[in-house]
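Below, in structure tokens: the form predicted on its own, a single chain.
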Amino acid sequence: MSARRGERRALLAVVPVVVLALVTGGWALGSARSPTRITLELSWQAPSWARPLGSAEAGVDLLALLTHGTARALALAATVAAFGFVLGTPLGAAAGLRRGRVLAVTLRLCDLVQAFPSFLLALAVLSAVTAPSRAHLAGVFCLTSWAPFTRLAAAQARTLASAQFVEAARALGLRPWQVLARHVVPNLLGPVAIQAGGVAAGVVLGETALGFVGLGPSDGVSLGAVLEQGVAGMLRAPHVLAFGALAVAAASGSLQLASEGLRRWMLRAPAG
């Protein structure tokens, strides 16, 4: 009974990010408030009944800006994490199953990709783009998102390669790709999927940092843009920086919490 209770507690860690995504996404789709509408006479306005979170620079509704920015950041993070998972998992699994030179080359590629900071790569690429969009951000982040999934899948596949059910599948005459698809990949999906939360949280922080230095989406709807405005108007309107920082913490923290919850659930879940 205690084990099941522990599993439920671990899975409850996924609830915050799901709620955050539903609330911000639902608001962004259903609300008539625009995150880019300029009302100069309301610039830096404090929170009020009409605008619960107040206004940012140029009188933009801060509530609309934060909900749209958070929803888009979570969507970008989910897209990049899904891409890395889909590309990196089979690549790492195949390398781990083959071993030898194939595994060595694959791991060296992962080392090369992970040794170069993705933020610096994003700075180099986006600085050459006239009007960066989330498509550009997704492309840059996807260039490096596959490496952690590949490395973890390769490690799991090396362990599974000597498992009895894999040896039995080989003895029955299954081809390597059949062994990989039917027996190796399905048995490593759980541990590798846990990596998605950490990758997604990193994307949220990366997009925020790029927006803060002026290389975020050209429409200005990003959490980084809110932080940049908050720093610029910190003395006049401290609420902008405070609410922006809370939004970033909620988005990245809920993703990390979900990842940790899935990890604990995988450890507690009974085998088979």
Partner chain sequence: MAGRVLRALLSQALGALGVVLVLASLVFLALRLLPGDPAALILGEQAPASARAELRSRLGFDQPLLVQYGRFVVGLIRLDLGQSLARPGRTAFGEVWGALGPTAALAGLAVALGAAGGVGAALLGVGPWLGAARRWVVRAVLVVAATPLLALAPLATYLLALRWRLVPLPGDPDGGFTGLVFASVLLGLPLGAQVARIARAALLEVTHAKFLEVAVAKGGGPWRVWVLHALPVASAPIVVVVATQLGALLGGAIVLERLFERPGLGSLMLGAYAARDIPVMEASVVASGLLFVVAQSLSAALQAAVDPRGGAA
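Numbering follows the first chain given and starts at 1. Fair warning: this is a prediction, and the values are worked out from it, not measured in the lab.
A second form of this protein, the form predicted together with its partner chain, is not displayed here; the remarks below concern that form.
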{"property": "Answer option from V166, A78, L123, A181, heavy atom within 4.5 Å of its partner chain in the model of the complex", "result": "L123"}
{"property": "I38, A50, A242, A46 - the one with a heavy atom within 4.5 Å of its partner chain in the model of the complex", "result": "A242"}
{"property": "Stretch in contact, per heavy atom within 4.5 angstroms of its partner chain in the model of the complex, of 28 to 36, 200 to 208, 50 to 58, 63 to 71", "result": "200 to 208"}
{"property": "A249: touches its partner chain in the model of the complex, heavy atom cutoff 4.5 angstroms", "result": "yes"}
{"property": "Contact test in the model of the complex: F83 vs its partner chain, heavy atoms, 4.5 Å", "result": "no"}
{"property": "Its partner chain contact in the model of the complex: L215, any heavy atom under 4.5 Å", "result": "yes"}
{"property": "Touches its partner chain in the model of the complex: W177 (any heavy atom, 4.5 Å)", "result": "no"}
{"property": "Residues in 109 to 123 close to its partner chain in the model of the complex, defined by a heavy atom within 4.5 Å, in order", "result": "L112, A115, F116, P117, F119, L120, L121, L123"}
